[in-house]
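Read the single chain below, which is given as structure tokens and is the form predicted alone.
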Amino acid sequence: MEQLLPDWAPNAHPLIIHFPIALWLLATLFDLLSVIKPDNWLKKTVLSVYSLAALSALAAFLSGSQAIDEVAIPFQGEVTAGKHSDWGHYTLYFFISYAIIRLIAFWKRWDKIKLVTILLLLLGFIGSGMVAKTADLGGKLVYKYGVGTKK
């Protein structure tokens, strides 16, 4: 695997992590549009993108679990690394649970009920907040403590 990575990347995590971030935010945007203007094609797209976000979050989580053993974390960054790992867990579990809820809502046609679509959208926004918190802690590890960078 190391042969496939660019010289600047200490592991695959920095290459993978941006997919669930972008996909979740895109799904939330499409979700907002589908609440404003309900469309069956858009609802299927929302479901697909949330599901892809959950799968990519799993890949990001697994790469992060591997990465933590391959990088040097300064003593001052240990607490932040622990929090980043914890939030990575919470976010992954939320994404997977949410994707399953969306699949059930689509299958049972609950997503045609306006109140349900609004509640699902609000949950999507909560997921966006979880992504932001996890990403903020990851950014702090890199930019404040230099984790994963060549000095």
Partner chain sequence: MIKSNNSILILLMVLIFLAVSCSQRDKKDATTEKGESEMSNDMHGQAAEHDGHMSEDAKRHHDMGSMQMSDGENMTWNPGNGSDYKMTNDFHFIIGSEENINPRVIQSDSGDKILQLTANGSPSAFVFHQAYGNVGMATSVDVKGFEGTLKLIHHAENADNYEFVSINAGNMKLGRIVNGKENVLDKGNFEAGDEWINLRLSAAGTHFKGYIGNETITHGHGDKMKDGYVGIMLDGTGIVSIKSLGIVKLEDE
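Please read all numbers here as calculations on a predicted model, not as lab measurements. Numbering follows the first chain given and starts at 1.
Note that the form predicted together with the partner chain isn't included here; everything after this is about it.
Notebook entry, point to check: Out of 47 to 55, 34 to 42, 91 to 99, 105 to 113, where are the residues with a heavy atom within 4.5 Å of the partner chain in the predicted bound form?
Noted result: Every other range fails; the passing one is 34 to 42.
Note to self: Is residue 131 near the partner chain? Define near as a heavy atom within 4.5 Å, in the predicted bound form.
What the structure shows: Although the partner chain is absent here, residue 131 would stay clear of it in the predicted bound form, with no heavy atoms inside 4.5 Å.
Next item on the list: Would you check, heavy atoms only and a 4.5 Å threshold, whether residue 18 touches the partner chain in the predicted bound form?
Entry: Because no heavy atom of residue 18 falls inside 4.5 Å of the partner chain in the predicted bound form, the answer is no.
Notebook entry, point to check: Can residue 12 be called a contact residue for the partner chain in the predicted bound form at 4.5 Å between heavy atoms?
Noted result: No.
Item checked: Touches the partner chain in the predicted bound form: residue 120 (any heavy atom, 4.5 Å) -> Flag for residue 120 set to no.
Notebook entry, point to check: Going by the partner chain in the predicted bound form, which residues of 124 to 148 come within 4.5 Å of it through any heavy atom?
Noted result: Contacts from 124 to 148: 125, 133, 136, 137, 140, 144.
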